[in-house]
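Before any questions on binding or motion, here is one chain by itself as structure tokens, the form predicted on its own.
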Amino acid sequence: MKLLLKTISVEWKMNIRNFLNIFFSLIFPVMMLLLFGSMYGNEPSEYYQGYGSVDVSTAGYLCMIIAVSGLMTLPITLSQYREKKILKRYMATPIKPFDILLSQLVVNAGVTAVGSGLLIIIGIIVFDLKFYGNLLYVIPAVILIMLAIFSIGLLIAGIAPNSKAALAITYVIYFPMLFLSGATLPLDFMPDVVVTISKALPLTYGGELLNGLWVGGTPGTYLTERFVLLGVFVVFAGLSIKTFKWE
């Protein structure tokens, strides 16, 4: 346990020293919140069923943070470790490669939590962000979304032959999912063809689930979203276990 905690501590320090990780996990979502919040404000609107623009957009930004950690940081870091033989070298030490994998999951979940907390705090201070839901519903939903998205990242790390390939695969998956799932702009603003495409993206279901619970919905209303995310986790986690290579 001590070795695992030490490994998590080291991985955490390495993660926060990476400017790109910090920028996309902590700074970029806040920039999006401030940009669109300043454009549309957060006054209750009929267009948003009586909620403010920031109130109904925050869930999407939270999903953005999850996607950054799960689809960018996680697979790229693991593929770099394998490419540089770091995972292989750990086999000759008391630290098990599985500890490295677990530490990466914990660290990226931690960064997601910090980024989410920062986003919410700034939203409250600047735009009087309101939360209408129940934390007992929202927290399990966030965990489910993380499991689904992180499992995709693990599969990328498993099938990518090197870090450059992992980066390319990540970009191909991350950016369409970011801009076409409603995480950055509500799907109500999108043309019908984009809405149709969004139905094939797991992050779309994560955003719909989290946004619905954020404004006071109940889990029973979002059975489809929950089943899709659970299915993504089961399928991609299973594939990642079969394809992941330590060296």
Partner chain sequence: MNVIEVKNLTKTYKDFKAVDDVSFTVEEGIIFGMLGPNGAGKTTTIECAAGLKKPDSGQVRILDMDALRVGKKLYDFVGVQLQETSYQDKIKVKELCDFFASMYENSSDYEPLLARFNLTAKKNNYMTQLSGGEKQKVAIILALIANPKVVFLDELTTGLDPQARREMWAYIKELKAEGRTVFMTTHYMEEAEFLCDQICLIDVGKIVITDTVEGVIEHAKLETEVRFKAGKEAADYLRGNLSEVRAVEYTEGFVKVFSEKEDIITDIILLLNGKHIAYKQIDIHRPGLEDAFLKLTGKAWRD
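Keep in mind that this is a model prediction, so the values were computed, not measured. Positions refer to the first chain, counted from 1.
Quick note: we don't show the form predicted together with its partner chain, though the next part is all about it.
- With the partner removed from view, the residue among 81, 174, 137, 127 that has a non-hydrogen atom within 4.5 Å of its partner chain in the predicted complex turns out to be 81.
- Of the residues 237, 230, 14, 22, just one reaches its partner chain in the predicted complex with a heavy atom at 4.5 Å or closer; this is 14.
- Within this chain, residue 164 is remote from the site of its partner chain in the predicted complex, having no heavy atom within 4.5 Å.
- Heavy atoms of residue 95 reach within 4.5 Å of its partner chain in the predicted complex, making it an interface residue.
- The closest non-hydrogen atom of residue 6 lies within 4.5 Å of its partner chain in the predicted complex.
- At least one heavy atom of residue 86 is located within 4.5 Å of its partner chain in the predicted complex.
- Looking at its partner chain in the predicted complex, residues 10, 90 and 247 each place a heavy atom within 4.5 Å of it.
- Comment: 95 to 103 is the region of 115 to 123, 95 to 103, 141 to 149, 128 to 136 lying near its partner chain in the predicted complex, near meaning a non-hydrogen atom within 4.5 Å.
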